[in-house]
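Just one chain follows, in the form predicted on its own, and it is written as structure tokens.
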Amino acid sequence: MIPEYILRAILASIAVSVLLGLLSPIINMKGLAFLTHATFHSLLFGAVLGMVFGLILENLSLVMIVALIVTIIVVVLIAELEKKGFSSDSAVGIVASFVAGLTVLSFGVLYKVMASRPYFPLSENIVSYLTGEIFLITLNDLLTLVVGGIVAFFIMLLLYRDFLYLSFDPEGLESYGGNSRAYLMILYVLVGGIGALIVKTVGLITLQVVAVLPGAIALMMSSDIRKILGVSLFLTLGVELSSVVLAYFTGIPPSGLATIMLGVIYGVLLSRR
């Protein structure tokens, strides 16, 4: 009989694979890898800030909520800077530098709050945002991931064609009455929102890899959008499920295994070009 925590891990892996498998090609085609890294780093700042509020208010369920709010604020700021004429890289760099500084400061505040309100498992909670804890995902966490993932999935499904036009021909999108800035803002919020949903499952380090490499690999293998989506989805799903199975038998963290597998696949394809 399969243990319940394995079933939860498998379901979480499927949810993560569908979301990132769809999002990764767009991230690569629109050139959002740098933005993705900055956005996901803001998740750590939001998580630490959420832990501070959670300890003060004695409600640690605030962690994910605060992380989501902070991440959305960050992507909106980046979009606003771009609107004012800054290049994408400049806007990301400016905001990311402030986020990095605020993250360091928030860790200092967190340590002081922890000293007055000892809560030892919290240190493990911080690490989980870096390395992931898919085998420790609770039923409530899984429910949040599935419900939030369904909402994000249908938004992507509804706007995916517009995101593709935005990636290849934003001027053409504008000429047909579309608002490229609005679509860009929605895409940025989707990247941040999906990251906030799944960061505790796969970890910040792995999230940055799984959000970028499947789409990059798919683009190396095909130029047909349907094949690109298919490769990205099946590759993400295969890697995530394989990492869970291997981690169960070897005791190696699944997030590390997923990162290594994707890196090896990308490296092999790159060496054959």
Partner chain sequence: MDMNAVEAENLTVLYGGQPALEGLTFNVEEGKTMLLLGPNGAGKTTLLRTIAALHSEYSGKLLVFGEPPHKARDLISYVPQSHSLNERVPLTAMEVVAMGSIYRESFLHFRIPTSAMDKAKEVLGFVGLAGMENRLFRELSGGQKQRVLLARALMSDPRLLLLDEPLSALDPSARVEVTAVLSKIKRERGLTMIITTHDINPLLEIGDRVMLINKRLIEFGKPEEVLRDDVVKSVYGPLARAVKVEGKLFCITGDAHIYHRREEM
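Residue numbers count along the first chain shown, from 1. What you see is a predicted model, and the numbers here were worked out from it, not measured in a lab.
If you look for the form predicted together with the partner chain, you will not find it shown, but the lines that follow are about it.
- Residue contact with the partner chain in the predicted complex: L60 places no heavy atom within 4.5 Å of it.
- Residue contact check for A96: none of its heavy atoms lie within 4.5 Å of the partner chain in the predicted complex.
- Contact check for R161: a heavy atom falls within 4.5 Å of the partner chain in the predicted complex.
- Interface membership of F168, defined by any non-hydrogen atom within 4.5 Å of the partner chain in the predicted complex, is confirmed.
- Residues with any non-hydrogen atom within 4.5 angstroms of the partner chain in the predicted complex fall in just one of 200-208, 62-70, 218-226, 243-251: 218-226.
- A heavy atom within 4.5 Å of the partner chain in the predicted complex is found for one listed residue only; from F107, Y183, F135, F86, this is Y183.
- Proximity to the partner chain in the predicted complex, defined as a heavy atom within 4.5 Å, singles out one entry of L173, M114, L130, V146, which is L173.
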